[in-house]
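Coming up are structure 1 and structure 2: the same protein chain in two forms, each one given alone as C-alpha cells.
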Structure 1
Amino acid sequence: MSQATSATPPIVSLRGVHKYYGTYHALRGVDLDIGSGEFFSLLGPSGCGKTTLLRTIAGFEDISQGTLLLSGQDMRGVPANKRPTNMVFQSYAIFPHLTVAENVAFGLRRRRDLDKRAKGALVDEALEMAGLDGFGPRAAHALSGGQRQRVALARALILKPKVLLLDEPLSALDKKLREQMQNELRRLQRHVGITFILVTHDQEEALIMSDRIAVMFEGEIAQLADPQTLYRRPLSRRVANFIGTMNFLPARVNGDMLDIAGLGRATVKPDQAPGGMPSGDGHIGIRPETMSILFEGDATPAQTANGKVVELAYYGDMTYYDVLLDDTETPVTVSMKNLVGRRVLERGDRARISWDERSLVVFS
C-alpha cells in the first residue's frame, strides 16, 4: 500500500542528513530516496525544513552530518555550480539586466561544444517549451509573474539537469494562474522526464502534482507516501490534519473493536491503523466527505448517528455542516454536495448522519 521507496533507482539519496544553524537544528536525520523521473514534493508548514532540504540538494547549504548522493555520487564539498541540479527560485531570480533570451541562455556560456547558432536554437526550443514563443528579445524586468516563472523554468530546463528543484514556484501567482501552472508543470515534467522536486506548503498543490510526497514537521519527515495513501492512511493525527480536513473523535480500542464517542461501535482492519493499533484510549479520524446527512426518503444505512447542526458554510457546490453529535463536546464537519432537490439544513436543525467504518483511521 505505502510506497516508501521509489520504483526506479534513486537519483537523489539522503542518509541521516542533519543541518544545524548555530544551535538551531533545521534538519533532524532525513533519509530519503527520490527516483529518476519522479515528481516529488516536500510538503510542510513554514519552518519545517523543506526549503533547507531543497537548498541542501542544490548545494547552497552544506550538510552538518550525513550523506547526500546525486546519481550515486557523494556531493560533499561539491559547490552548486558543479551539481547536476537546477533550481527555480521562489522569487524566480530573473536577471533584470538581461533580455528573456539572454536569461534563458545564461547557463549555456560554458557549453564550448555549441556555436552561437546551436545555442540560439536551444534557446528558441526552451522558450517554446515554456510557452514563451517570441518573448526572446523582451526586457526581463517588463514581464508578469507568470511569464517570469516560465523564463525561470526555461532557463533551468535548457541545461537538461538530472534534477529540477522548485522552491514554492507557484506561491506568488494568483489562484487561476496557479491552477493553470500546476497542470502545465505536471505536463512539462512528463514531457521532459526529469526528476522534479517541489517544495510547497499547499497540500492541495502537492496532492494534485506529485507522484510521491514527503510531509515534513520540525526538520523530520513525518510521512512519505503517494497522494492517495497520504490522504487515506495518514500516519499521525498531525499529518491527517495537515492534509485536508479530518474529524477526530475519542474512542475506546479493544483489539479491532472500537467504541467511538458519538458514533458508536465499529470494527476495523489492521491497515486502518497505519501508525499502529493502540489499545485502550485512542482516537479515530474520519473525513468530512465520507459522512453524509440523511434526508427524508434516503435508505437507512447500517451505521448512523444523531446530532444537531451548530454551524454551516455554504460554498455553492458544497455545504459544510458542523454537527454536534449527541453526547460529544466538539462538532464534526460533514460535507454535502448540493445536488438537485437536496435542501440545505439550518442552524439548530437536528441531523441524522450516516458513516462507514471502512473510512475510519485509528490513531493513538
Structure 2
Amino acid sequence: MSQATSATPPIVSLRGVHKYYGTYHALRGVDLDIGSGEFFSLLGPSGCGKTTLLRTIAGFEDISQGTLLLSGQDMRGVPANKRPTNMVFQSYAIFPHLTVAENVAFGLRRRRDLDKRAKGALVDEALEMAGLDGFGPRAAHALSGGQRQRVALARALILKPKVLLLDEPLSALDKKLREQMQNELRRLQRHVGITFILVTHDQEEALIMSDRIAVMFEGEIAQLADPQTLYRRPLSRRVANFIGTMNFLPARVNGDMLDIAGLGRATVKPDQAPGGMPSGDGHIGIRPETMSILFEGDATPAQTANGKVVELAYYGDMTYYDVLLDDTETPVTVSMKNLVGRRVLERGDRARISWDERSLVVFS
C-alpha cells in the first residue's frame, strides 16, 4: 500500500484549507497528505465538499485560506494547465465528431516539440494502457459508455500527469460494467504507478479500489484510514453508518465491561473504541455479517441472543434478516449465506443469534 511517510514526501499536501462561496463554508480547515503512487478516495454524501476539494487540487477553484502543495511546490496562483495534474470528468467530455485517436491526441495539440510520428506513438501507448488497442480510427459517437470512459482515461494519461483526478467517473455506467471498470481502473493505476484521487459517493467502490479513504461530512474529514480500518473500526456512528451497514444497540459501559441491550454482557479491548471509551451510557455497533442465525445441528457458541424475524430480503446467494431481539425496540440486520440444505426463515419465525464480542465497536 502506497502512502506518504516521513521518508517519502507527499505528492499532494493540504494544510488548513478553507473554501468559501460567499457566506457558504464549503471546506473547513482540511489537512491532508496523499502519497506518490497511492490510490486515494474522497468519499461522502452529496454536498460534503469532496468535489470542491478535488477541484481545488486541479486548480479549477482557488482556496480561500490555507496552503496547497503539489510535489512540494505551492500552487497559489498556479493555473490548472500549469499543474502536474489531469482530470477525468463525470461526463467524459468526449468530442463526438472526432475519432478515438483524435480525442486522445487532443491534449497534445499545443506540444510543438513533438512531430506527428511522436504524437502517434503516444496515442498508441495511451490507447494500449486504457485497453483500446485498435480503436483509434473508430468514430467516438459510436462508442459504448465503458469505451467512452476508457477514451477519457487515455486522453488524461497521454499528458503523463503526476496526479490523475477522477470525479465520479463510473457513476453513469450500469452495475455490471461499473464493477468491471472498478477492477480495470485499479489495474491501470498499478500499471502506470501514478497517484489517482477518486471522488465517489459509492462506499463499496471506495472500499474496493482505494489504498486509503477520506470520509467527508460538511466540508471536513471525519476519518482518514485504509478500507479495513474504516470498515472495522469507524471513529463515529456517522462514519459507521455511512460505510456499509451497521447495527447499533444501546449499552451500559463500566470500564471494559458492557451490558448490551438484546445481546447481554461483553468484554471489549481499547481498540474497539477508536473514538475513546465512554463512561456510563453508550452504544455498540456490530456488522450484519458478524452475526449468524443458528439452525438445528449447529454448534452453540458462548455468546447467543434470541429474537424474532420481522422482515427479510432474499438475494439468491444471501438472505438479510431483520431480527427483533428480545427486550429491544429496533431490529438488527443479520446476513446469512444460503447454503444447500439450509432453509430460509420466514417472517414471524423465532431465531437464535450467535455473535462475537471481538466484532463490537463502542461509541459514545
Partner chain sequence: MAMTRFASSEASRGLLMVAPPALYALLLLAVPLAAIFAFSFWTQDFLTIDFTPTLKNYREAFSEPLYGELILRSVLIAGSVTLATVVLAFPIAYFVSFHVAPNRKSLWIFLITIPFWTSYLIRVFLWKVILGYNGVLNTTLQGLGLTEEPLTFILYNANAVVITLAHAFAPFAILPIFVALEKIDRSLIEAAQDLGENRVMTFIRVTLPLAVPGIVAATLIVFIPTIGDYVTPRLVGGPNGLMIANMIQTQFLKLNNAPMGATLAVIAMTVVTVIALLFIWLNRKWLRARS
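When a residue number appears, read it as a position in the sequence of structure 1, where counting begins at 1. Remember, predicted model here, so these are calculated numbers, not experimental data. In this text, rigid core is short for the largest set of C-alphas that superpose within 1.5 Å between two forms.
Both panels show the same chain in isolation, but it is structure 2 that comes from the form predicted alone. Arg117 is not among the residues whose C-alpha shifts by 2 Å or more between structure 1 and structure 2 once the rigid core is aligned; its shift stays under 2 Å. With the core held fixed, Gln182 shows a CA shift below 2 Å between structure 1 and structure 2. Ser236 shows a C-alpha shift below 2 Å between structure 1 and structure 2 [criterion: core-superposed Cα displacement of 2 Å]. Taking the core as reference, the C-alpha deviation of Leu98 between structure 1 and structure 2 is 3.4 Å.
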